[in-house]
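This document opens with one chain alone, in structure tokens, the form predicted on its own.
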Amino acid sequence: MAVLLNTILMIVVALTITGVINRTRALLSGRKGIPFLQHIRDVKVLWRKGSVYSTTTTTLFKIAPAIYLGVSIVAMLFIPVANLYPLISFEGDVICFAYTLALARLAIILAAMDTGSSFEGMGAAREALYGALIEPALMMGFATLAMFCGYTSFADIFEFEQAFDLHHTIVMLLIAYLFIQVAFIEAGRVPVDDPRTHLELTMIHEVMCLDYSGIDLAMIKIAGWLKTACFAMIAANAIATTCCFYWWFATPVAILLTALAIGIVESTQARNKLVRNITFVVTISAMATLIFFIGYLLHLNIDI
């Protein structure tokens, strides 16, 4: 029963975050904005439509959305919601989670290159670059969790609430901040990318999906929601272990923490120039390394 509730809550988080982002942006800009569930209605319409394929594409292009969605679903099943237990759990699943998402990125990159379009190839190259640059931050974040908690499985790392400890609280809050930053890049949001842009030379993730339509595009959008939910829940779990380690606390924290952060940033900050994106992503990796070093010193009870 706990496993089923965990999966349902992850789906709820995935479906809700985009709605909260849209409402936050509308509120901060003084607009009425679109309905809260408009993104779900859009996907529902796409799901009923057929797909159109270019004559230059191969089977790879056709199966990539299904792979992208399937891999994202598997990655979601690794993540616990506070005191609940995930469907998939084993020793070392943090590494499996990271490279499961890497497989999703590989599928969509290969599909973009399969179109034979230099425009989509440009987007694929940018996606590959940012993915390679953010991977060290992701791994350092997992290494910090493993070092501080003594486990390499999400279910074991976030198994129970820790007794109040200042060192543990500091590290977990820093980890939560790190994974929110990672979510900005993995979700293709401002300040790195903007899912609303249609300026040719500024597109990154969206340009790889331009040739998709109908049910294929719907699968890609749903997979993006699931990926964002994964990182949001990891950040929420890190916070929950320090104060209130229950699913009814972690779930709204995951939604509000990530959605409000993305909505506020997109409402108050312009997107970076492309030449600054590399600096931004590398800075996140450097910050992850610093967090690991701080966690190591605190783990040894060394005053800093």
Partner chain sequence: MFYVFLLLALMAIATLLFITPQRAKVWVATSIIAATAIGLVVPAVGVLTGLLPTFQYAITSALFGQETISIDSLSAIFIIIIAVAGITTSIYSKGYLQQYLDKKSSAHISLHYLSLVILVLAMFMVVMSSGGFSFLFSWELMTIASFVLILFDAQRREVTRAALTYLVMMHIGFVLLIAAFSTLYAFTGQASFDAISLYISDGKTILLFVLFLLGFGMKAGLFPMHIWLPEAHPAAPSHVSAIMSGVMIKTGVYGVMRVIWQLNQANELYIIGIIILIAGIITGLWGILLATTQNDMKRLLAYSSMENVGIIFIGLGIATLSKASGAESIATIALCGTLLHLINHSLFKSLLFYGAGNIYSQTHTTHLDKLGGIAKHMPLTAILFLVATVAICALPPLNGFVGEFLIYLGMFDSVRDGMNTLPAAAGLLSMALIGGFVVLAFSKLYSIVFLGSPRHHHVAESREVDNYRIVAMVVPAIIICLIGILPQYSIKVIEGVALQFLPSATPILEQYITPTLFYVSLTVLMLIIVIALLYVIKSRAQRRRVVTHGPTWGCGFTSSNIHMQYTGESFAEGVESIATSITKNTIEGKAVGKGEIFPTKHNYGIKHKDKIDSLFAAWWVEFLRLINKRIMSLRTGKINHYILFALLFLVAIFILSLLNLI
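What you are looking at is a predicted structure, and each value in this text was computed from that prediction instead of being measured. Residue numbers count along the first chain shown, from 1.
Omitted from view is the form predicted together with the partner chain, to which the following refers.
- If you check the partner chain in the predicted bound form, you find a heavy atom from every one of 62, 87 and 151 within 4.5 Å.
- Picking from 175 to 183, 188 to 196, 230 to 238, 213 to 221 the stretch near the partner chain in the predicted bound form, with a 4.5 Å limit on heavy atoms, gives 213 to 221.
- The partner chain in the predicted bound form comes within 4.5 Å of a heavy atom belonging to residue 52.
- Taking non-hydrogen atoms only, residue 132 approaches the partner chain to within 4.5 angstroms in the predicted bound form.
- Contact between residue 33 and the partner chain in the predicted bound form is not found at the 4.5 Å heavy atom cutoff.
- Using a 4.5 angstroms threshold between heavy atoms, residue 106 counts as touching the partner chain in the predicted bound form.
- Of the residues in 70 to 105, those that come within 4.5 Å of the partner chain in the predicted bound form through at least one heavy atom are, in sequence order, 70, 71, 73, 74, 77, 78, 87, 88, 90, 91, 92, 94, 95, 96, 99, 100, 102, 103, 105.
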